[in-house]
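Just one chain follows, in the form predicted alone, and it is written as C-alpha cells.
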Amino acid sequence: MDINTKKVTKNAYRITKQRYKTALRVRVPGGRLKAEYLEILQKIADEYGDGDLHLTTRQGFEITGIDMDKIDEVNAIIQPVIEGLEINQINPNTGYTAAGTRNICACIGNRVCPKAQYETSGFAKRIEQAIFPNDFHVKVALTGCPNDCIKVRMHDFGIIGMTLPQYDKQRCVSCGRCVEKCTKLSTGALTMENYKVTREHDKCIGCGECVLNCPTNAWTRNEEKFYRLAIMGRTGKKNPRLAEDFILWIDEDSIIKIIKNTYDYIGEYIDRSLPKEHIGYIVDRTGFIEYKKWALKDVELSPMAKVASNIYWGGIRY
C-alpha cells in the first residue's frame, strides 16, 4: 500500500505501530459533546476499528485499529460529529486538518460548577473558530476559576476566570464569613474594619469565594467578565515549566486578539529547519519583550487590565 504519512496526519489520523492501521483523532473544543454522537463513534469503532475508543489527555478521542484504506469511508461517517462540534473544516466529508495546534480544552465551567466565573466551552469554541486550522504547535486551555481543574498553567495560553466582586455594605451583617473564607481558602484580600469589609484589589485573584459564602448577598459578581491570562507553560523535553501571568483582569476580545497576534509572531520567528518548534522556545530565543510587542499589537485593553512588565520563567532544565 502506498501511504503518504504526512497526508494521513494532516487529515487528523495517527500513524500507529501497526502497519497499515491508523487511529481517527477528533478534537472536542471545550470538552463538551452531545451524547447522541456516541452512537456514531461506536459504529466506527465496531465496524472499522478494534472496538476501542481512547479519551485523550486533551479532551479529544481516538478510535484505534482502522485500516488506512478505509479513511474516506470513516470521514463520511464522522462528518455529522465534526459539524455538531463546530470544528473548523476546509471541505466537508474529508475529515479536517489537525497538524500543530492542539484541541482547546476546558473545565466544565459555570453551566455546572458554582465556583466557575464563565461558560468555558463557549469561549473555547470561539477560540476554535478564530485560530483553526493551523499548523503551529500551540496549546490553549480554559478554567473557570483559580482552582484550575484543567491545569492551564501547563499550556501556552492558560485562561483563568476572574470575578470582580461587588460589595453592598447595606446588606452586610458583619458575620465575617467572607473574610474567613478568603483568609483560609484564598489570598486574604478581605479584612474587617469597623464591622465592615474592606477588599484589597491587588491581592484579590477574583476567585469569588466571598460571593459564594455570603449569606445575605452583600457580595455579588460583576456582570462584566474578566480573566487572568498566563502564558508559555509547557511539559516535554529540555525545560518543562509553569505558565506565568501576562495580563490580569483582561477581557475576552483582547485574549482572542493576543492569540491571533501570536500566530503572526510564530510565522515571523519560527525555526523552519526543525520538524516543529514549541512556541515557548521561540519566546525564549527572541525574548519576552519582542513577543510582548507582537502580542499586544492593536489590542485595546480595558483600564482594569494589568500587564506584566517582564516575565522570567523557571522550571526544570535538562
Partner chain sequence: MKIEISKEDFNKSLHRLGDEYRIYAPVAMAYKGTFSDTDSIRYKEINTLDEIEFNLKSHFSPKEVILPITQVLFYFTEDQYKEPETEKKKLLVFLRACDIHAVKRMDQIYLENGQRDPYYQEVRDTVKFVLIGCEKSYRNCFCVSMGTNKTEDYSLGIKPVGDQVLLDIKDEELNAYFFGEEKDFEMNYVTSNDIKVLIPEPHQIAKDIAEAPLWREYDERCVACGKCNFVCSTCTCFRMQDIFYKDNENNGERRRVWASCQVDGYTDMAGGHSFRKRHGDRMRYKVLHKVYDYNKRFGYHMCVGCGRCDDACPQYISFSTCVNKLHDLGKEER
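Numbering follows the first chain given and starts at 1. Predicted model, so just to flag it, every value in this text is computed and none were measured.
One more form of this protein exists, namely the form predicted together with its partner chain; it is left out here, but the text below deals with it.
Among the residues Leu248, Ile78, Val138, Cys172, the one placing a heavy atom within 4.5 Å of its partner chain in the predicted bound form is Cys172.
The listed set Ile205, Cys149, Leu185, Leu212 contains one residue whose heavy atoms approach its partner chain in the predicted bound form to within 4.5 Å, identified as Leu212. Not one of Arg27, Tyr37 and Thr64 is positioned with any heavy atom within 4.5 Å of its partner chain in the predicted bound form. Proximity to its partner chain in the predicted bound form, taken as heavy atoms within 4.5 Å, picks out 215-223 from the listed stretches 89-97, 215-223, 123-131, 239-247. Interface membership of Ala116, defined by any non-hydrogen atom within 4.5 Å of its partner chain in the predicted bound form, is confirmed. Residue contact check for Gln166: one or more of its heavy atoms lie within 4.5 Å of its partner chain in the predicted bound form. Although the partner is absent here, Glu200 lies well away from its partner chain in the predicted bound form, with no heavy atom inside 4.5 Å.
Of the heavy atoms in Asn110, some are within 4.5 Å of its partner chain in the predicted bound form. Scanning 189-204 for heavy atoms within 4.5 Å of its partner chain in the predicted bound form gives Glu193, Asn194, Tyr195, Lys196 in sequence order.
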